[in-house]
Ligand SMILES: O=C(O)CCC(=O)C(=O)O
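A lone chain, given as structure tokens: the form predicted on its own.
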Amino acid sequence: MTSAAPTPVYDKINDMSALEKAKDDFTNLGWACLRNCISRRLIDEARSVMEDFLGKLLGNKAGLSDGFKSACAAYRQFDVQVHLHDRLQATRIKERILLEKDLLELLIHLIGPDLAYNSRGSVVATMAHVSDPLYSKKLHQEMWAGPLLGEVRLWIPLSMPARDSGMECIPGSHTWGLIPNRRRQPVELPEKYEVVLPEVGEGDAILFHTLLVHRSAKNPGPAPRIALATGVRNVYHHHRTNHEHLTPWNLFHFSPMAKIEKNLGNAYLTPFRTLGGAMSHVKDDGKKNIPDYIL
């Protein structure tokens, strides 16, 4: 049985009490919800980039929902989702979402300031008529697929007709440890547990632990739900699996200490490398900077 989530939702991380509550939710429930942490402008830009790709793929301009359904009728849904993700990444929209002030603030408090995001992935989409477990996932833990124990997973709605999340969670299940599983399903669960639905929509985000047991919520509406899903890790935290070498990461935020290391290069082998020389390739030569993203 699914019930409304008991977790508070925070409009802005603008004081320590709200931040502490979000941290407590992540610690105790296994996830935290942030509302209005991503600007409407950035969400609209993400939707525009996806619509543009779908229009080129189909040879005609369509809205995001109709375009996605038409693309999935002609191509494998997973391939469409991967290409949409890659466009969001190539245009730096994915990175800019993760750098939004409130979202970044909570990430830093959870795992520190030296952050990288998983650069391989796909958007997540659920459609009412699709029951394939690849797209409509049953109860599972992200760690089954290879994410690290110290990684924070994010689920960020980009096309959500109503504030209904699309993701159902079992509170406290991240404290159960790694659950035995077979064929993408848990072999054993406690006799009693509750499944809740954190209510988030466009502009909101869910941050959750890799051991949280969760599943896709059914989509009863005609429009597909589309969300950006990714992992964020601290590059100085070495939680090893047998899978990390298969998963590429992009650095997107540095602490002052890491910035010093980056500027020094190999400080042990190149003494005085920066003495008297420019610390950056950026020079005041009158040339223009390349924009942050090229469509």
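Since this is a predicted model, take the numbers as computed values, not measurements. Note that residue numbering follows the sequence shown and begins at 1.
Absent from the display: the form predicted together with this ligand. The rest refers to it.
Enquirer: Answer with one of E105, E142, E202, D164: the residue that has a non-hydrogen atom within 4.5 Å of this ligand in the model of the complex.
Expert: Exactly one listed residue reaches within 4.5 Å, namely E142.
Enquirer: Which one of L57, V49, V232, A229 is close to this ligand in the model of the complex, taking close to mean a heavy atom within 4.5 Å?
Expert: Among L57, V49, V232, A229, a heavy atom within 4.5 Å of this ligand in the model of the complex occurs only for A229.
Enquirer: Where does this ligand sit in the model of the complex: which of 209 to 217, 108 to 116, 186 to 194, 91 to 99, heavy atoms within 4.5 Å?
Expert: Flagged stretch: 209 to 217.
Enquirer: Kindly indicate whether F53, C72 and H83 are, all three, within 4.5 angstroms of this ligand in the model of the complex, using heavy atoms.
Expert: Zero of three within 4.5 Å in the model of the complex.
Enquirer: Tell me, yes or no, whether H174 is in contact with this ligand in the model of the complex, where a contact means a heavy atom of each within 4.5 Å.
Expert: H174: no contact with this ligand in the model of the complex.
Enquirer: May I ask you to check whether K137 falls inside a 4.5 Å heavy atom distance of this ligand in the model of the complex?
Expert: Yes, K137 lies within 4.5 Å of this ligand in the model of the complex.
Enquirer: Whether T126 contacts this ligand in the model of the complex should be assessed with a 4.5 Å heavy atom distance threshold; does it?
Expert: Output for T126 is yes: heavy atoms within 4.5 Å of this ligand.
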